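In the block that follows, a single chain appears as structure tokens, in the form predicted on its own.
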């Protein structure tokens, strides 16, 4: 792992430790953590793989429903439920990815959207298992050994530990040969194919890894809400994740985290003052796109930091 990424990870960990103390309330801080994980998982597909999927909510929702159903009907164990969420979401991602990965551009986007709506319709109609339009109610939050995660602050730090481990794994994937190959495929697919890369296989592996982490985020969301809303499977959830990535900065590792913090925090603040919060969120998103073409993190990396370094170089010139 490059030193700069390690320092950024440590900085994130330090800020995340005190975040519940400055956030409006602890549940909001936990929700931001969960969506930051979801946005980072999606960055593997969009930012590094160049695949605009509108079906990521499917894996998030499947992870949430799997966790809820396992905890309610099978075995009241959080580790077992979350492991199940990761596995089932990974299988769903393998199925969707295998069927859609050979399509490109808008066709890939539409196929993933169609699969997401199919899962949404199944959950809507299968009322006996999923609760239908009312969602899956009464998801318990059992202790994890001696750890009581009923208090919101305990749940936050439990989820923070999982998010840190997940981020470390995602960073390792991005810096691995798989990550480098994904970026090569994104930049020039034909050239990558000409040197012998199996494009579809690399994309499918990234898609499945991303689906596994999205499923974990969904499972954590079920624990936070003590229920699974049907909307977790809706395509609008996928749209929110796309917006988080674009606002924060794609393929910047921590841009999706910044995007998740910005979107959810602003949405919470604005919705306290007006019911037309979505209108203001749309305006803010437009300003972010026009003002930060590379996202907030990309803007600081490409504009602010070089300018600051140049200024400091003029004020404090090196002695020869």
Partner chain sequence: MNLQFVFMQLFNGLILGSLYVLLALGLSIIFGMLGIINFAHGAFFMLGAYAAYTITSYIIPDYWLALISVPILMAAFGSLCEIVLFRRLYDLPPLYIMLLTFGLMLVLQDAARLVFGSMGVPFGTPKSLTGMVNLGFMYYPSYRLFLIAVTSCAAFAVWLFLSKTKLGCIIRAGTDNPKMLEALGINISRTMTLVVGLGTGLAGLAGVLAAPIQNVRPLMGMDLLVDCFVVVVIGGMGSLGGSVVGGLIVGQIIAIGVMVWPPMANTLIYLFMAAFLLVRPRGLFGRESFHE
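Worth saying up front: this structure is predicted, and the values here are computed from it rather than measured. Positions refer to the first chain, counted from 1.
One more form of this protein, predicted in complex with the partner chain, exists but is not displayed; see below.
- When contacts are judged by a 4.5 Å heavy atom cut-off, residue 140 does not count as touching the partner chain in the predicted complex.
- For the chain shown alone, residue 166 is not a contact residue for the partner chain in the predicted complex, no non-hydrogen atom being within 4.5 angstroms.
- Shown alone here, residue 270 lies farther than 4.5 Å from the partner chain in the predicted complex, counting heavy atoms only.
- Among residues of the shown chain, residue 172 is not one whose heavy atoms approach the partner chain to within 4.5 Å in the predicted complex.
- Stretch-level contact analysis of 198 to 206, 237 to 245, 153 to 161, 177 to 185 against the partner chain in the predicted complex, using heavy atoms and a 4.5 Å limit, identifies 237 to 245.
- Residues 275, 276, 277, 278, 279, 281, 282, 283, 285, 286, 289, 290, 293 of 259 to 293 are found to place at least one heavy atom within 4.5 Å of the partner chain in the predicted complex.
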